[in-house]
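Below sits a lone chain in structure tokens, taken as the form predicted alone.
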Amino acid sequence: MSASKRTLPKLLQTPAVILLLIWMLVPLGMTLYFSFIRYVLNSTRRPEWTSPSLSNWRGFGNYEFVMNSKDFIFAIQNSVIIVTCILLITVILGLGIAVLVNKKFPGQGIVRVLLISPFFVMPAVNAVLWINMILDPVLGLNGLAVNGINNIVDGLRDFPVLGSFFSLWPELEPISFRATQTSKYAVIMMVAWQWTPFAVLIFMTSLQSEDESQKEAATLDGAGAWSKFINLTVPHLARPIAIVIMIQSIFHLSLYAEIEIVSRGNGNKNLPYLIGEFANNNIGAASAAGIFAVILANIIAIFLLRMVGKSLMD
């Protein structure tokens, strides 16, 4: 191949590469710059801090301020906990549902469309529906279900034989998922419900290429359904599982709307939410927290890319 033929493709790619670099490097560069200066929007004591000037250089002071804030370690721990729980739920449920709907049954197409539909709900709408219509302890399904169980138990207390047993049954109280201790579980449930269809779609597509002859041979050798699932189906889905974990981790590390709607950050903050709190006034601290978020995301991404790469090479 001549030099001109090798050069032409590179020249055609150059505008797109330059645009991509600008799109990535300019925001990152500005964030780095802001993280090293004092940049406070409503500083009446020091008006010069309200503009991003190099004369307001602070060095690593913003990073120390963020690290010493009371919610920094909690936000990192909460980010990891929420992402890990969502991944476990979506992968396990996605595998189970994909295997079930992969079998032939009447209305299979309609069921597949209904299963995938939650993925297209906007995150804010999803959070509002869950916290008000499902998890609300008074008007939601959560409160209605607990009240229904209590009413059934009250009726069973009048039975001559079982009444003495149910008289000892305590009255159940609905869980308030806006509370400090439980709000993270509400976020995990609603995000897992929305993203399980994504895992189902990926796994269903991959199951179409599974070698049925191996499963038939395993059946002839006396292997049961569980044995075939563990030894044949799961290894076949190793690459899709790795890809689902990687893609979902990237998205779930940036959760914000669900946390804001459920608890306003009351006992349930992750790094993006902490950045949002700083960004209300202290842009320098918010930028430093953003750099910490980038570092955390890259650590997780490197780990996941290694896992995906290993899976693809096996």
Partner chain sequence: MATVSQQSSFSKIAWPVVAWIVALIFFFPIFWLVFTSFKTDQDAVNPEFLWRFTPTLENYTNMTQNYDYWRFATNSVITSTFATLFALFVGVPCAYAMAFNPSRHTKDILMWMLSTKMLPAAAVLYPMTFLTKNFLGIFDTHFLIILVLCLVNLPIVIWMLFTYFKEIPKEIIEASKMDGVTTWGEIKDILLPLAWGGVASTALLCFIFCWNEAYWTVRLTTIDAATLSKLIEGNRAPEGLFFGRLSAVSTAAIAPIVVLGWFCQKQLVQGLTFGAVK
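Under this definition, the rigid core comprises the largest set of C-alpha atoms superposing within 1.5 Å between the forms. Remember, it's a predicted structure, so these values are computed and weren't measured experimentally. Positions refer to the first chain, counted from 1.
What comes next is about the form predicted together with the partner chain, which does not appear here.
- Partner contacts here mean any heavy atom within 4.5 Å of the partner chain in the predicted complex, and among 150-158, 74-82, 227-235, 121-129 they occur only in 121-129.
- Among residues of the shown chain, Pro197 is one whose heavy atoms approach the partner chain to within 4.5 Å in the predicted complex.
- In the predicted complex, at least one heavy atom of Ser209 sits within 4.5 Å of a heavy atom of the partner chain.
- Not displayed here, the partner chain is approached by Ile283 to within 4.5 Å at the level of heavy atoms in the predicted complex.
- Interface membership of Tyr256, defined by any non-hydrogen atom within 4.5 Å of the partner chain in the predicted complex, is confirmed.
- Of all the residues from 252-281, those having a non-hydrogen atom no more than 4.5 Å from the partner chain in the predicted complex are Tyr256, Ala257, Glu260, Ile261, Arg264, Pro272, Ile275.
- With the core held fixed between the shown form and the other one, Val17 has its Cα displaced by at least 2 Å.
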